[in-house]
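Take a look at this one chain, the form predicted alone, written out in structure tokens.
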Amino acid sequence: MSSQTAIRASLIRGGTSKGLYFHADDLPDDVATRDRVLLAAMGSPDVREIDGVGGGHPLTSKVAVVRRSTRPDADVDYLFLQVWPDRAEVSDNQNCGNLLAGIGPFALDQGLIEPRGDVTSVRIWMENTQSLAVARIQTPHGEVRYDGDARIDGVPGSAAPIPIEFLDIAGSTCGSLLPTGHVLDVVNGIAITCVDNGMPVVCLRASDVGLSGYEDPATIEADAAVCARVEELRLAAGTMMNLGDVSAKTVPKMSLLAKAEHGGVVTTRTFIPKRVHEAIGVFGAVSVATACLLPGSVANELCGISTVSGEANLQIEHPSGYFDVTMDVAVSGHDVNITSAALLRTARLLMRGDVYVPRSIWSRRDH
């Protein structure tokens, strides 16, 4: 008898992240056992994740759990799990819009849904935030196409485009688009704007914590005083955003903003929350773009966007380039309503097979 348990999985790059994708039926039903399995598969806790397939960074230590949906408005359900390299923790308290890009290809490749013509629209129920996304996957000749001419900053080369539309994601975690009830709040003398349009994000001026906003992520991470001040603000904002004690949570994200440097609307440096993102997360970009459209917000004051109605296209600058967000905006008096958001991602299947964990952690007889 083997001393290890084999678990079917696919390794997929989704957007600017990378992770393991599983059928829900292939993982333990018990959450505590499931988490131990995922920690072992990734090789956590160990900052190198040398004894697993994790990449030693939060962006490359992610998991997507997929199942056929029983909902009439969705094809598949998607649960995102963040496996932390530096501690024995698996978190489900946020979504991941980058791994979302790989859900449609995974579901089609694995036969969870059937292709429908040259482009298959896959309706994905995002369990973490109880919201819906529609991804359009190229499926010529009934197969997922991975090669193409679409490029996204933060990923070398090109791939097939995966347009994704998000429906009704405002307040998906905190309960409202503006969780504090205000466009502008002041915490410890620093002006902040708290937004939840798919991801709870706190926007603040980089200059208010002693930065220009154009530093590279490693430089910011090396500044202990800045990191401590940002975390202090995050803890305070978390309570204000109806998230409670966020000391052990991955939200809210902290996005330090500066005036655009390369033709976008604003420049970002985003804590996720202890590391600084080499780019910006999908839902983080959507929330920052939303803040840019809110008159009186920290972001709006930096970018100077006038009130917009209809379709708004915004380029959010980040350390690796740009993130393009398209939103439908409805304005009524002083109220700004974001009815939908869309963006472009790519994905690529890297490996498919079995990932192994010690049998002492899980035997399928326990399933």
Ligand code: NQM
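Keep in mind that what you see is a predicted model, and the values were worked out from it rather than measured. The first residue of the shown sequence is 1; numbering continues from there.
From this point on, the text means the form predicted in complex with the ligand, which you will not see here.
Taken together, the three residues Cys96, His277 and Gly284 all come within 4.5 Å of the ligand in the model of the complex, as judged by their closest heavy atom.
At a distance threshold of 4.5 angstroms between non-hydrogen atoms, Lys62 is in contact with the ligand in the model of the complex. In the model of the complex, at least one heavy atom of Ile272 sits within 4.5 Å of the ligand. In the model of the complex, the ligand lies within 4.5 Å of some heavy atom of Met199. Interface residue remark: Arg234 is not counted as part of the site for the ligand in the model of the complex, having no heavy atom within 4.5 Å.
In plain terms, the part of the chain that comes close to the ligand in the model of the complex, with a heavy atom within 4.5 Å, is 54 to 62 out of 54 to 62, 32 to 40, 308 to 316, 295 to 303. In sequence order, Thr16, Ser17 are the residues of 7 to 21 having a heavy atom within 4.5 Å of the ligand in the model of the complex; the partner itself is omitted from this view.
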